[in-house]
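Before any questions on how it binds or moves, here is one chain, the form predicted on its own, in structure tokens.
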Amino acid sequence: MGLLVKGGEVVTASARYTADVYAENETITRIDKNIDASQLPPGTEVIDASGKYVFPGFIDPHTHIYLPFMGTYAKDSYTSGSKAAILGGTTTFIDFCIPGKSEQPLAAFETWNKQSEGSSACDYTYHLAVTRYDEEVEAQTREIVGKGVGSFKIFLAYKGAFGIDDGELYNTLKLAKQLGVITTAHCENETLVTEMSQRLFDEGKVEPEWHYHSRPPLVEAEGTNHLMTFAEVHDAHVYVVHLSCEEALANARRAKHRGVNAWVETLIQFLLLDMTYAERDGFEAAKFVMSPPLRDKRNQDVLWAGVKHGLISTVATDHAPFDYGDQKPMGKDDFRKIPNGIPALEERVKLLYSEGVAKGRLDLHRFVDSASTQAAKIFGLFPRKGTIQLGADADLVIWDPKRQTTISQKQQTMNVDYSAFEGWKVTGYPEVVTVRGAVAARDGKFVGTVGRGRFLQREPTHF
């Protein structure tokens, strides 16, 4: 069945115009000023987008839908997570396939596939984490790249768990360069974090607020610089995930200026929340424990400017839903044991539009670019995803720029017992969302099909 979106203002990262958009067989096949619906095949669905924007489906390049972590599991499934994504305007997400330290990469890849196959309502793909390096890991990693995974993930934090040492870092980036794969990296110096965390614990500083002090900005800045040095040795392409502070951004900027092939991501929470949320009285602060942590508010203007001017390429979520009621309290007497992360997948796009576009911090093109197009380009999905053009997948978001709503856990689809943005009033709303030409959300209700989502195979593009 065909789909015709009529009369909307199409907005991409580089263009803006009023037109009708027609899709059939899951892709966009016609864009014109006035497409006559009566001349289209019977059964074509027609959506009136007059007075609305028509955006390409948004892409979250950093989610943890399935995640065994810190002795527990993230609460979302591919079903709940994909529904939440769609309701927020996100039609593609990139999850992380993370082998345990002693686990074989192919075994982890199979585990993630079992979680996702037939369970997602929107399209998805993975970054493959390299958590150790030896000949067998290298061979299996090459095989997984051949199966369509075009990006790696490394952790310069989480010593003894996911973290890799400098020899493993060197060899992972060497392999990535050979294969044309981009390496995403969590940049915090693991030794500094481990030692500082232990010192604080020994001093009896165990409450959630001390998490910040175990990994201050200089720790993230050092990790970022460390990654850039190793990337420069191999001329490897790297992508800093969840950058949170001015100091780390300065090191990334200096590396880019000297020719390092580097891209930067920040998170919606770092643009909007500050460290006072993680200093709230009692244990409520644990809701906002993440790594890197929320920073001093002064960093927000720096990060917004970075997004506006393109120094920061993407705005993601690092969506990691852990219940406040029975999972965060694992660290009630030791901040080191609080499961890290917050839920944000459902709210990212609304918040970025409301606080970015509606308040004059971003123009519409940079909004689309940072929330969709750049992720597609960096991770080998463009132009299939991330834009509106002939031949692209018909992932479309019909956006009401005036509708105002209030964020509430009671209304969310994410499978977690709190919202990090409870009570926030937002302007702008994804009225209709399509996944490859089929309506998946309408007026805040999921009307799609679980299992429609596909694993997106990607070719390496970072030679």
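Heads up: residue numbers just count along the shown sequence, starting at 1. Predicted model, so just to flag it, every value in this text is computed and none were measured.
Quick note: we don't show the form predicted together with a small molecule, though the next part is all about it.
Shown alone here, Asp123 lies farther than 4.5 Å from the small molecule in the predicted complex, counting heavy atoms only. Ser80 falls outside the set of residues with a heavy atom inside 4.5 Å of the small molecule in the predicted complex. Under a 4.5 angstroms non-hydrogen atom cutoff, the small molecule in the predicted complex has Met290 among its neighbouring residues. In the predicted complex, the small molecule lies within 4.5 Å of some heavy atom of Ala320. Contact with the small molecule in the predicted complex, judged as any non-hydrogen atom within 4.5 angstroms, is confined among 371-379, 132-140, 312-320, 358-366 to 312-320.
Residue in contact with the small molecule in the predicted complex (any heavy atom within 4.5 Å), chosen from Arg295, His186, Lys350, His237: His186. Among Phe69, Trp424, Tyr418, Tyr66, the residue placing a heavy atom within 4.5 Å of the small molecule in the predicted complex is Phe69. Here the marked residues Tyr158, His242 and Asn340 all reach the small molecule in the predicted complex, each with a heavy atom within 4.5 angstroms.
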